[in-house]
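Single chain ahead, by itself, as structure tokens, in the form predicted on its own.
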Amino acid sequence: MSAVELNLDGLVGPTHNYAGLSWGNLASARNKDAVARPRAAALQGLAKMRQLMALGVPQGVLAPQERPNLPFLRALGFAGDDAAVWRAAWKDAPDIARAACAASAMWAANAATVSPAFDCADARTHITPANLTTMLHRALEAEGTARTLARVLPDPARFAHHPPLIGHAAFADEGAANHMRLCAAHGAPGVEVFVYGRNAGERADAGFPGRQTREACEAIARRHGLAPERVVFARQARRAIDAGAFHNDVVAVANERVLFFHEHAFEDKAGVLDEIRRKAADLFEPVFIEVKDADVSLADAVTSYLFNSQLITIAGRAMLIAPTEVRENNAAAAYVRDLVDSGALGGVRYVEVRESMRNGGGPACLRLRVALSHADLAAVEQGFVLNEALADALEAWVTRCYRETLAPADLADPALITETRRALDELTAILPLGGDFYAFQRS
């Protein structure tokens, strides 16, 4: 069936900041307490969306979530008017207050796991929002993500929306950042690869946490109605996690037939590749591009985010949408040049998303992929699908409403609440969210 892949990018929120909340994310830790540039961050994200749109890739937008998250703080017992709640939280529980202010929903690769209708038993696209239980600031996103995706993909005859998995460590789920799909073409049946870092109940070691459990992967595959003979469960290599690959998409990315991955991405590389070959045998022949550690070390892969590039198909050829940090890394840049020169890649485009990268999120982190038939694409709420007029309107909104800089001390100012609410209220007149989308609009 003829199909396309819709890229839904998270729009960077007005409270974009560097709080260093993500243990195991080296860039997040390295830039903790740096001065952030929310306006530049959002404009960089929109510029990337424009580039994808110009290449002919259907591009959509996911709205920022409401931050600071006052309902969360009130549920923890902070009382009074909004300003009093915010001041008390910063005074008595600053780490919790910073979590309540995180703009991390911008990384839409963590929004959900999506299985296209072409893989699912009932021929509907299935969506499970990620519970993101490993990190507090991300666990706050699940409810808002579910609301957002239900607005973007509204037709229950075509889109099956599941609730997030129970918020327990046994079912820790990080969304599409640990999920890949291989297929002959977007509209053909595929093999879905779920990558996990640990088993439920597995004893924690001294390294960084394995954020995704196998049990979460298995539950999602079951509820999405995937055939077991088309599913692969792959364990991420412990050495990759400890090197800073907190999600699989820091060391591997797939698109159609191509799996582009680091030599040390998987604990049992040979077993994973063999299982993919076997389960794809009657559908397509997978193409494996393995990057040896001698060519690009794990350290260089994590620093440059080579594998957190977007791998897309343009005019029948694979193309890489890479962060400028890849071009600035000698080993990664040389490897990409060799791929293009050899014909393994049809080309590379570099994008500037430095504000996101400084918090550990590259081009692929910013987008959620949804393979759709043309009929299903028409059923998407079209007000979220980017065109030049919408891009212009969003850029004008960002320029008007976002601060140029946001320092750590600025976050404690209760004026930020009024400022961000005003911005989000305006956004609901630009995107078809409705006047009751955010909690402050319903109170």
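Keep in mind it's a predicted model, so treat the numbers as computed, not measured. Residue numbers here begin at 1 and follow the sequence given.
Keep in mind the form predicted in complex with a small molecule is missing from the figure; the text below concerns it.
Judged by heavy atoms within 4.5 Å of the small molecule in the model of the complex, the contact stretch among the candidates 230 to 238, 188 to 196, 163 to 171, 107 to 115 is 107 to 115. The contact residue chosen from Thr128, Ser304, Asn359, Gln310 relative to the small molecule in the model of the complex is Asn359, the criterion being a non-hydrogen atom within 4.5 angstroms. Out of the listed residues His179, Arg211, His262, His224, Arg211 is the one that sits within 4.5 Å of the small molecule in the model of the complex by at least one heavy atom. In the model of the complex, Leu433 stays away from the small molecule, with no heavy atom inside 4.5 Å. The small molecule in the model of the complex comes within 4.5 Å of a heavy atom belonging to Asp249. Proximity of Cys365 to the small molecule in the model of the complex: non-hydrogen atoms within 4.5 Å are present. Remark: Asn17 counts among the residues lining the small molecule in the model of the complex, judged by a heavy atom distance of 4.5 Å or less.
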